[in-house]
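For reference, the chain that follows is the form predicted on its own, supplied as structure tokens.
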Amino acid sequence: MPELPEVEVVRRGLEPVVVGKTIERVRVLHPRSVRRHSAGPADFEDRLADQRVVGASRGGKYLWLPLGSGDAVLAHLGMSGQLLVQRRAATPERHLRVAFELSQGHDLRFVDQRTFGGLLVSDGGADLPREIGHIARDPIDMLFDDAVFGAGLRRRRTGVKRALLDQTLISGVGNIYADEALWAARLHYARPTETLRRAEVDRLLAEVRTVLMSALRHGGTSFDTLYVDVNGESGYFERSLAVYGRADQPCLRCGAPIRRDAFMNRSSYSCPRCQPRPRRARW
């Protein structure tokens, strides 16, 4: 699933192209892609016709397009969602789900092979859609409060990776970048949060930011063709991953074989030497 860097890459690609454009028409080609819009596909289409896009915003793993009306189009990419900018004459994509026909001959296309992602119109959501008001700020947000995060992390009384994936504590961090940051901070994913010292929390947060910003510079991580930017291009951070997806390969720091463990119906990758399992683990 796209994490903060991938979603921010898409946001940055959308901003210069869609902001200032008018949505002339919307076509919902698969109702599942607007299932979160409770009034249904026809209302989704009608609400957006003739609306002007005035921004491109992101919070954690969510994107939204503020509209001149004060409402917003809120998007979550899910596992395979793509927002692509195309000339209107371009051949429709195989998994095209929603098409926004914009002024000046452009289309904004929501393409989603697995249809786990979705769009909705958020009433009055231009500044911050209420549907995502519960998620925390992300660590590259200038208003992110390090002290509040540290206190909340230690109060969780859970494994540190589980806490990093809690979007109400810190948003935008998913499985890939949690593993990368924990490796860089030399912390095991099952380390109990209440045992973390302040210096360890500070180091972990610094590594989270470093990993996210590095991934952002590389255009995000692409393991297959399902994550691309608005021009259909893949990111290259996969080539820089230290642990994620490298089971049994040598640790880049000490040479020990990277370990893969089952974790929350996913996988967790770590170095058994650099990140020793704590005596009292929390999962």
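The structure presented is a predicted model; accordingly, all values stated were derived computationally and were not measured. Numbers for residues come from their place in the sequence shown, where the first is 1.
Although it is not shown, the form predicted in complex with the DNA is what the next lines describe.
A heavy atom within 4.5 Å of the DNA in the predicted bound form is found for one listed residue only; from 157, 198, 130, 88, this is 157. Checked against the DNA in the predicted bound form, the candidates 137, 203, 186, 95 yield a single residue with a heavy atom inside 4.5 Å, and that residue is 95.
Considering the DNA in the predicted bound form, the lone stretch of 142-150, 167-175, 205-213, 122-130 in range is 167-175 [heavy atom distance within 4.5 Å]. Residues 8, 109 and 240 are none of them found to lie within 4.5 Å of the DNA in the predicted bound form, as judged by heavy atom distances. The closest non-hydrogen atom of residue 266 lies within 4.5 Å of the DNA in the predicted bound form. By the criterion of a heavy atom within 4.5 Å, residue 273 is excluded from the residues contacting the DNA in the predicted bound form. In the predicted bound form, at least one heavy atom of residue 260 sits within 4.5 Å of a heavy atom of the DNA.
Though the partner is left out of this view, residue 61 does reach within 4.5 Å of the DNA in the predicted bound form, counting heavy atoms only. Taking a 4.5 Å heavy atom cutoff to the DNA in the predicted bound form, the contacting residues in 28-54 are 32, 36.
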